[in-house]
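Heads up, the chain below is alone and in the form predicted alone; it's given as structure tokens.
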Amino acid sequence: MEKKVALVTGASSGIGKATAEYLMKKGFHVYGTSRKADNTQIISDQESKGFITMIQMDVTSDKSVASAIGDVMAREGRIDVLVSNAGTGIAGSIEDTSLEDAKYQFETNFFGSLRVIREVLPIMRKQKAGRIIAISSVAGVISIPYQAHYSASKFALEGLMEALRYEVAPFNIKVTVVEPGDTKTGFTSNRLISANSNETSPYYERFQRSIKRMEHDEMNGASPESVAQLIYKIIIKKNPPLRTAAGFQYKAILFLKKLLPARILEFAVNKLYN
């Protein structure tokens, strides 16, 4: 059987790394991307014959994205699965976060995914098959205070993927959004804090309480491996859903959002993060 080729962005840590490793063990030829990869790192699994090759890609650069995907095509001649995972987080109140930081958040989380998807689509259309999985967040469905720009970038990604699913269905390309909740990864320590989120800010005390709660929940959250297992199930599923939350508790939360009056949800989020 022909080995499947998977491209996983942001594969140097967290969910991306766990996904790349899990797919390798399932026999995939995995190309993981990172801004700092040197294009020579290869890890292989003797039992499955799968491997991970790390390649350099900066999702904020058109040239870098085109070059990396061209490299994969030169080696494999096909891309069966895209897991668009590369992303970053910026915390701070809306007022305290500069427009420059807000634009950077979208440049990575939204336009970064869009760049990679646009580059992969002609390949998958020609193949008449493909799977595109974008890593969103529960925060892309329920907006989180002091992470407004992160939430907004994921809300935008959700809208993009929903429209994409309709557009590419005639070409046998399946599109799914995965919505993890709190997950124990390096994302927590790598989160950027807006420069104005200091003692002079009128939001400072509430922001500090909120960010400490976020960090606590993330460091006690689900493992990235559990998200990787979910991604694999989506890949092999004949008709995957448009959206799926990672973990029963988050499925329940998103289900309750549809049922509860808005004021109750607002009270719960405010109580949790303020």
Ligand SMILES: NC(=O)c1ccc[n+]([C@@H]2O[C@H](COP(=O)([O-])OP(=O)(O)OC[C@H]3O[C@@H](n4cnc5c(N)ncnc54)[C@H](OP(=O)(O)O)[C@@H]3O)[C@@H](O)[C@H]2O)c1
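The first residue of the shown sequence is 1; numbering continues from there. As the structure is a computational prediction, the values presented were derived from the model and not from experiment.
Absent from the display: the form predicted together with this ligand. The rest refers to it.
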| query | finding |
| --- | --- |
| is_contact(residue 186, this ligand) in the predicted complex, heavy atom dist at most 4.5 Å | yes |
| Any non-hydrogen atom of residue 226 within 4.5 angstroms of this ligand in the predicted complex | no |
| Partner contact for residue 130 in the predicted complex: this ligand, 4.5 angstroms, heavy atom | no |
| Heavy atom of residue 198 within 4.5 Å of this ligand in the predicted complex | no |
| Listed range touching this ligand, judged in the predicted complex by heavy atoms within 4.5 Å, from 198-206, 118-126, 146-154, 70-78 | 146-154 |
| Interface residue in the predicted complex among 213, 49, 35, 237, criterion: non-hydrogen atom within 4.5 angstroms of this ligand | 35 |
| Contacts with this ligand in the predicted complex, stretch 50-86 (heavy atom within 4.5 Å) | 57, 58, 59, 60, 85, 86 |
